[in-house]
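Taking the form predicted on its own, here's one chain by itself in structure tokens.
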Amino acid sequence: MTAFAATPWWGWVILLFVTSFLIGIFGVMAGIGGGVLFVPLVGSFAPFSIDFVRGAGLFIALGSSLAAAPSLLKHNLASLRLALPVALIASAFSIVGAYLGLWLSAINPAIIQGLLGALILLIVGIMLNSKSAAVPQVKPGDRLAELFGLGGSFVEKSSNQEIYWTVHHTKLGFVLFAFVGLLAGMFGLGAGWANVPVLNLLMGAPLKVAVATSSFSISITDTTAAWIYLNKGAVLPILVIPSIGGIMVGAKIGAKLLPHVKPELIRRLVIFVLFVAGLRSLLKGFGI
């Protein structure tokens, strides 16, 4: 911690920009946004208050999503019809989560740090055990999906084949997104870490559609919670500005690379980084 304290302010600007740039690239390609990587990494290894880190995490996830959205929509990967109801539900509950997280932090910051580490390790377990399917087999007949028109098509560039898709288990999916929004606001993680498994594994959206729709929906989900942190004074410009700059540049590159890369490769790298950051955050919560 002494070495960190000796780092000049401009050194932190450079470090945050470079770190966020890399997070932006891999976060978009993995469909988990930037917050879920940024918060445990910076919160565990940098001498910033966890409140400031969580506030920055929401703005960073928001910046990453906004930077990637045009390219994802252009390639017809992100589905507006699927993203809007999902994001609105998660957004409403993220407000509750933001207030709850700030309240717990006021009691004892170590509580949030330890819970954050435990949640990140839980996310790692979910990602390890989830078997993503590029194009899941979905049984037709979901009335809610038909009512909202939750389906579409996209061109798989690796095979130049047009893929038609729809979703199912829509009611349960919407319930889970309420819980995801609560955790996103509480820990400043964004929502992409859970969006992709729910959209792909439960609702049956193709993996690339789930990744792109997740990245796009974060721009709605995180906006409400981010304003709560801003209003409470938990946003530090020297932490947020270079991080947003780096992640937006990285996210644009990640969005362009997404149609051409194998998601499994990115998934493995993200799991490793999350495990290290989550373990460090958990230990820090216990004062180790």
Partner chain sequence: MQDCQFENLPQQQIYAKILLWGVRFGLFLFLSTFILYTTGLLPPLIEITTVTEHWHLPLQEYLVQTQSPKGWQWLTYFNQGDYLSFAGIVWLPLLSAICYTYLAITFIQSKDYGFFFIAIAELTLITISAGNLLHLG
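By rigid core we mean the largest C-alpha set that fits within 1.5 Å across both forms. Numbering follows the first chain given and starts at 1. Here the structure is a predicted model, which means the values were calculated and not measured.
Quick note: we don't show the form predicted together with its partner chain, though the next part is all about it.
Each of 91, 149 and 230 comes within 4.5 Å of its partner chain in the predicted complex, counting any heavy atom.
Interface membership of residue 26, defined by any non-hydrogen atom within 4.5 Å of its partner chain in the predicted complex, is ruled out. Its partner chain is not shown here, but in the predicted complex it comes within 4.5 Å of a heavy atom of residue 102. Among residues of the shown chain, residue 216 is one whose heavy atoms approach its partner chain to within 4.5 Å in the predicted complex. Its partner chain in the predicted complex comes within 4.5 Å of a heavy atom belonging to residue 224.
Only one of 95, 201, 115, 126 comes within 4.5 Å of its partner chain in the predicted complex through a heavy atom, and that residue is 95.
In the predicted complex, its partner chain lies within 4.5 angstroms of at least one heavy atom of each of the following residues of 210-249: 216, 219, 220, 223, 224, 227, 228, 230, 231, 232, 233, 234, 235, 236, 237, 238, 239, 240, 241, 242, 244, 248, in sequence order. Relative to the superposed rigid core, residue 241 undergoes a CA displacement smaller than 2 Å between the shown form and the other one.
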